[in-house]
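As structure tokens, one chain now follows by itself in the form predicted alone.
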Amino acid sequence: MLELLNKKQNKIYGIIAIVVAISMVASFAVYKEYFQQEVTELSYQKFLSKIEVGEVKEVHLSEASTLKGKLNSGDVFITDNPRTDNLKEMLLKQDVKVIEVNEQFTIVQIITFIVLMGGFAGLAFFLTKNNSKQASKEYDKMSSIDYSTEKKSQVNFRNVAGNEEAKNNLMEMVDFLKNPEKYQRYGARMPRGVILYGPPGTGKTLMAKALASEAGVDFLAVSGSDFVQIYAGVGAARIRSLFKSATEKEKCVIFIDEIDAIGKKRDRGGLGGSDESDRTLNALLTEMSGFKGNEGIVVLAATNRLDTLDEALLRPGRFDRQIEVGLPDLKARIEILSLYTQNRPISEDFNISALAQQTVYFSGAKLENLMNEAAIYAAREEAELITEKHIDKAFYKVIAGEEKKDRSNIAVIDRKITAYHEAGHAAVTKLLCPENRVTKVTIIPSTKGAGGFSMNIPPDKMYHTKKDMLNNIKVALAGRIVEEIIFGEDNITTGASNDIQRATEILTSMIKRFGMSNKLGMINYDVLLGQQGVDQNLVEVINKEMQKLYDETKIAIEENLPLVETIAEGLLEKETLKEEDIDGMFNGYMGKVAEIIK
């Protein structure tokens, strides 16, 4: 293709060179003819003498300061122009041919001008025609889309752990592709399209690859951003190009990742269907509606934001099925970790179940990253096996970042503030959320900017109760409250910024989305307010609720301040406390409380 393009370019350059050469040769010939003739300069007296003896053949009369003429011998001469009124009459009487010209060399200039302009006109016509063809080729090139295709991929559903319901749905699609006559017998048609939705890193792309691999068909993978272009019509043209490529294959899977880039709801800001993204979406809707005769083609799409997609895209006949690919539960995490430890030298004392319980809310991609970081730590130490120590370091690196090595510049008071702050989180978690595990508390700063952190792992749950959410807010507020109690209200620090943000997000969701406020009732404020901004009444309600929770948490901490102090002293001594350390301190404290009550 590149060689052919170079040949065409060489041909164009050759034609341009020929046109320029012809123009130059013609101009040179004219110049040679009229400008490089040998000219004899005659005095006016000698000119008159030659007229008298009849040696002058012709004279060119003009308003110039000189006269040009030709002798009978063919020689060209020039002489002074007297500009007298009777000069022409005198010449005619002597049988001299008189040629009147307005300007010197007018004929020469006209010929030269015609030759040059003709050459450039031809060149301009050729270039314009060629540029038009080139522009057409460039548009065709822009409107075509590159896609990755895999027919014999090694990925299959055995490589996809967890999300069994999603896998079963897609395995049914494999049966559709392999045995279409089985379903045609009952009048069942294959779903035109399937949308996989869920949080990032849960394996949506992996499942799409597994579907194509299991069915043994081509996998045409593109991204929604490939269709987002500044040039009008290019996105729609690429959609048509993709589906044209698909129809040329007997059976295939089209996979559009991040489809929300082109499939968002229309009528945004009154633009209707006039902007480029809407044209692209309309092209996609049209192409999917025209797939009725292609039972071997299925369209898969992935998105993290199903709620933003246009309703026309989700209707039956286009994307018939919406399959959730959620975060893995405990069983799925065990399967995923088992998958990622198969080909790694793992120590025999590694407990997959314990790590799976610790990695609540981890996606499949995050679990893979965890095991990869552990492998890197082991390789860095040139250890024979990946041990619990490597996995533990990797886990906290993924969560909070790597520990800072140089801590010599940390002031004593800063260490103390961090210790009491984190002790507050740990103590309130153990007091209010007994089902949660506090697996690690540290005052070692991390590369992600944390001065310390408390690892609070909740149990796997399908729903979050109101009590759970209120307790989570109290845990978030505990660090700031301990700072106020121990160091005074004027010495509270900026270390609680993330805690305040998290507490605000939870409380706002409870009131705005989940209808858990007794004052405002079961109203979804996102629907009620839309995009109109913040309602001041809502802000006041949230502020009052937050202050109430703050006061309740402060009372609980003041009543159990010895537990906070015990944990803080342990942190100042060891810098890091593990789960068994925290449990031991809490059980010892509760034992003392029980004795006092008795």
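Remember, it's a predicted structure, so these values are computed and weren't measured experimentally. In case it trips you up, residue 1 is the first one in the sequence shown, and so on.
Another form, the form predicted in complex with a small molecule, is not on view; read the next lines as being about it.
- Proximity of I334 to the small molecule in the model of the complex falls outside the 4.5 Å heavy atom cutoff.
- Although the partner is absent here, G263 is not a contact residue: none of its heavy atoms lies within 4.5 angstroms of the small molecule in the model of the complex.
- For P200, a non-hydrogen atom is located within 4.5 Å of the small molecule in the model of the complex, even though that partner is not displayed.
- Proximity of E368 to the small molecule in the model of the complex: non-hydrogen atoms within 4.5 Å are present.
- Contact with the small molecule in the model of the complex, judged by any heavy atom within 4.5 Å, is made by just one of N159, T493, Q322, S223: N159.
- Interface residue among T429, S454, T418, N163, judged by heavy atoms within 4.5 Å of the small molecule in the model of the complex: N163.
- Heavy atoms within 4.5 Å of the small molecule in the model of the complex are found in exactly one of 338-346, 510-518, 237-245, 385-393, that being 338-346.
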